[in-house]
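First, one chain by itself: the form predicted alone, in structure tokens.
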């Protein structure tokens, strides 16, 4: 993978992100000066907090890209660790789970990213959904604590699947060898993140502007059908316009973007249901305006594995 300074299209793609952040920052400050009602003040403050958080995340992502494949693996590995820690902190565990949690954090998750680093696709694809799936309940059973056994095992398995396995498919895009696209795979990773995150943002914006009909108000009160359709269609159009940074045609890029948007929405909805079940608003408070790490990557966790396998199936010989 070439660093951004040697890949003109990657530099243009990243420059576009920075341009959007600059414009968003200026608009946010302008709206802040013009705010009148208490409701609009709260909404504008929330948007500005999101923008400030995005500046920080953009800087971190740029550093990872400049460091190449290793930097990206380290970044996403750290994100997986923090996300799993947030998740496990909130779901109830018992003393009999401690050994299993140790293996999950310090063996299973690092091994998943190590397999990506050495490009061992066969093992990377089955290690968590097959081997860890068997290991987790067995380890808990050996501990001898059978209280709520199925519930505890399922919660740990789900956490590993979402925070480690699913998210690891994002940097796994860097191991794909697409003919005619060698050395440009960082663009594909950035494309996934841009479309996924812009879909979230645009659904939020459209929902605030014209949202009326709730999708699942008990799960996520802010999600509306108008926001969903407006955000998905807008982000799909954006993804189609970015086809030049990918190995896709404009039509293929639109299809890929649409898939990312739909799966991202599913991820956000599922994780919102988990939060409602636990009785919390956010998984954490690490990121100002965004809650925790898992609040920010919930959509990416669902979109990354499907996007990875679609690209691998259709574009890798």
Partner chain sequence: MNDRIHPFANLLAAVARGVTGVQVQWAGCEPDEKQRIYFANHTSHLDFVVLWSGLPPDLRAHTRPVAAQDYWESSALRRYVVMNVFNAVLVQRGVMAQAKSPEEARYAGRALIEQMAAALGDQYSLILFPEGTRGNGEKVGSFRAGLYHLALRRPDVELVPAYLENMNRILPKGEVLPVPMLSLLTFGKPLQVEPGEEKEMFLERAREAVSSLRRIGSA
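These numbers come from a predicted model, not from an experiment. Residue numbers count along the first chain shown, from 1.
The following text describes the form predicted together with its partner chain, which does not appear among the structures shown.
Colleague: Tell me the stretch among 216-224, 86-94, 72-80, 168-176 that has any heavy atom within 4.5 angstroms of its partner chain in the predicted bound form.
Modeller: Of the stretches listed, the one contacting the partner is 86-94.
Colleague: Considering non-hydrogen atoms and a 4.5 Å limit, which listed residue (232, 101, 189, 201) is close to its partner chain in the predicted bound form?
Modeller: Exactly one residue meets the criterion: 101.
Colleague: Which of these residues, 56, 285, 281, 34, gets a heavy atom within 4.5 Å of its partner chain in the predicted bound form?
Modeller: If I apply the 4.5 Å criterion carefully, the residue I get is 285.
Colleague: Is residue 133 close enough to its partner chain in the predicted bound form to count, meaning some heavy atom within 4.5 Å?
Modeller: No - in the predicted bound form, heavy atoms of residue 133 and its partner chain never come within 4.5 Å of each other.
Colleague: Even though the partner isn't displayed, in the predicted bound form is residue 105 close enough to its partner chain, meaning a heavy atom within 4.5 Å?
Modeller: Contact check for residue 105: yes, within 4.5 Å of its partner chain in the predicted bound form.
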